[in-house]
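Only one chain is included here, represented as structure tokens and corresponding to the form predicted on its own.
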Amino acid sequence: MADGRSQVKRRAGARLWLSATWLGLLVLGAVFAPLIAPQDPLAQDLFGARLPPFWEAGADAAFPLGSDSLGRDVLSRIIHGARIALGVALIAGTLTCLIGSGLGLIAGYFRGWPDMVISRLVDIWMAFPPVLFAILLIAVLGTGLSSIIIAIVVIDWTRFARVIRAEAMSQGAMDYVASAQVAGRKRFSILLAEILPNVLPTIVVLLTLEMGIAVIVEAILSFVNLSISTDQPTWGSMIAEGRLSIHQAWWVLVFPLVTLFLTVLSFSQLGEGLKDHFDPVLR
């Protein structure tokens, strides 16, 4: 039994460190993009169009991962695209977490009419297909980062609300909550000081998963040209462009697609690693 737990902890630690390392490198690249990127991501050079990656014949050292059909550096566009992807993930994920977790805590602990109202609202919200709902919101609000963030928050707060509501209900039935009530503590004080710290690990795990979902949503909207201006480099727009020239320049599609896959996988594995790390049985 002890050997099994230690193996689970080692696997969880490996997932945690690998995913955190990739995301850390991505954050550094996004923050220092103007200094790290080898080229201007918007600079076009038709004479240097569709240059292959550095290991293939005919490559140019100034374009390590090749260039697209307009001669723009693929690596520079990936690095600058990380700024948009991570910015959306951070802002949208945090706002979604605050709204959904707050409503979930209120519904799960106070019960009664707050729980009934919030639960019915969650049921109604989740009846809409999320992708179609996002496209509809973008069509109403217009394109832009703020519209994407609003769409993600409006759609995904229900995920936090449902899970945190269940956690708050479970914690509210514990003896330590009953002891605090007997001691005369106010209910709102008990919610913040007793229940919230015990629900916080679940909130952190959900937050990392939501950031990965936000990256996917931004990429999907960029792919269908409903994100920001087409001049700005985004992973979704790069994938859409690379799809059209896959037979002539495979690297234009593959590199941003691999970057997107690794980023979403890292957010997911970071959440799983944190979940195992905070698991009281494993600890």
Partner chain sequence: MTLIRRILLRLLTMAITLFGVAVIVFFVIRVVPGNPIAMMLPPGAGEEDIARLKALYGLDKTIPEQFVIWLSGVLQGDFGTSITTRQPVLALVLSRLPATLELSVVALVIAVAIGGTLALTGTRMRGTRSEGAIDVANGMALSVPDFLWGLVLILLFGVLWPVFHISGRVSPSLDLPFVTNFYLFESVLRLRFDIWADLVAHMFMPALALAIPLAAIIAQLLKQSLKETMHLDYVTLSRTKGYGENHVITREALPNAVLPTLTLIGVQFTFLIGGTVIIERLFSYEGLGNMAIDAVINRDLPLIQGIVILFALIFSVVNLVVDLTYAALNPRLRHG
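Residue numbers count along the first chain shown, from 1. It should be emphasised that the depicted structure is a prediction, and the values quoted were computed from it without experimental measurement.
Beyond the structure shown, there is the form predicted in complex with the partner chain, which is absent from this document and is the topic of what follows.
Visitor: Does Q269 reach the partner chain in the predicted bound form, with heavy atoms at most 4.5 Å apart?
Guide: The answer is yes: Q269 has a heavy atom within 4.5 Å of the partner chain.
Visitor: Could you tell me if R50 has a non-hydrogen atom within 4.5 Å of the partner chain in the predicted bound form?
Guide: Flag for R50 set to no.
Visitor: Even though the partner chain is not shown here, does A139 get within 4.5 Å of it in the predicted bound form, heavy atoms only?
Guide: Flag for A139 set to yes.
Visitor: Although the partner isn't part of this model, could you tell me whether M116 comes within 4.5 Å of the partner chain in the predicted bound form, counting any heavy atom of the residue?
Guide: Result no; M116 lies far from the partner chain in the predicted bound form.
Visitor: Identify, from the list I36, A62, V27, L257, the residue with a heavy atom within 4.5 Å of the partner chain in the predicted bound form.
Guide: Of I36, A62, V27, L257, the residue with a heavy atom within 4.5 Å of the partner chain in the predicted bound form is L257.
Visitor: Quick check on this chain: which one of V224, L42, V31, L70 has a heavy atom within 4.5 Å of the partner chain in the predicted bound form?
Guide: Only one listed residue qualifies here, and that residue is V224.
Visitor: Would L98, A168 and L196 all count as contacting the partner chain in the predicted bound form, using a 4.5 Å heavy atom cut-off?
Guide: Looking in the predicted bound form, the three residues L98, A168 and L196 all stay beyond 4.5 Å of the partner chain (heavy atoms).
Visitor: If contact means any heavy atom within 4.5 Å, which of 126-134, 86-94, 101-109, 73-81 contacts the partner chain in the predicted bound form?
Guide: The contacting stretch is 126-134.
Visitor: So which residues in 232-254, when you check the partner chain in the predicted bound form, have a heavy atom no farther than 4.5 Å from it?
Guide: Heavy-atom contacts within 4.5 Å come from I239, R243, I246, H247, L253, V254.
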